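Listed next as structure tokens: two forms of one protein chain, kept apart as structure 1 and structure 2.
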Structure 1
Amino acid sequence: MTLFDLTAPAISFFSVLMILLLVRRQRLGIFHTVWWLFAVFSMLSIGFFPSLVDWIGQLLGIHYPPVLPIILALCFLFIKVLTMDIERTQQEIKIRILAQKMAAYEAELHKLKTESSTEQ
């Protein structure tokens, strides 16, 4: 095993530490933690068993198997960005509904204040 073979495991180990630190500081939710741990352990398995990529690449009929992790990583990141956009859209809808409810409550409060001031 050369120093080059230890690069992916070292990066994976550092990534696991960062994820655990973010979870401990409550900056990363459970779903996101599972997502990133899956990515890190995938990278770790490729780092420890690089022949696995060659075997899967040949199984899928890919002529240059080292490209397979790059393609999978791009697909993984595409799905991650898509899910982030879906979550952001849902949050924007919730914020818009809350703003409309707050405006309705403020209008009702203003109406009650004007009614009580005219009665006195």
Structure 2
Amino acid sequence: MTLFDLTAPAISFFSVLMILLLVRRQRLGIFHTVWWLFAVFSMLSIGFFPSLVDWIGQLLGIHYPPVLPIILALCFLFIKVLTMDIERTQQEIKIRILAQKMAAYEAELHKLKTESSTEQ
């Protein structure tokens, strides 16, 4: 075993540690936790058992199996970014409507205050 054989397991191991630390500190929402745990455990399995990639690649009929994890990672990242954008848009809509409602409540409060001060 050479030093280079340890690179992939080391990277995946540290990624797992980082994600578990973030989950432990409750920095990630429940669905994000599920997503990232799946991602890091996939990394961990490929990091420690690289032959898995060759086996799955052959099973799927991929001519050059090492490209499989790269393609899968890109696909997962694409889905992740897309869902993040959808989520962000939904949040922006809510923020805009909340701003409109807040302005309305302030106007209502101002009206009530002026009415009560003129009554006194």
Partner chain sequence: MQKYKNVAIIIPALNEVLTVAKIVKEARSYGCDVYVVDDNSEDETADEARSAGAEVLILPFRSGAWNAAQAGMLYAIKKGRYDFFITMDADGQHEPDHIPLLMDSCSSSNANVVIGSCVQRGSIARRITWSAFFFLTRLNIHDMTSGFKLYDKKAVEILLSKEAAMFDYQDLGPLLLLRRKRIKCIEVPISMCSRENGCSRIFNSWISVSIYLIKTCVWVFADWISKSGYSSGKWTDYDSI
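Computed from a predicted structure; not experimentally measured. Residue positions are counted from 1 along structure 1's sequence. Whichever C-alpha set is largest while still superposing within 1.5 Å between the two forms counts as the rigid core.
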Answer check: the form predicted in complex with its partner chain matches structure 2
Where is the hinge among F41, V67, R27, L82, given that one rigid part rotates against another between the two structures? R27
Rigid-body rotation of the smaller part against the larger between the two structures, in degrees? 15
Fit the two forms on their core, then tell me the C-alpha shift of H110 between the two structures in angstrom. 4.9
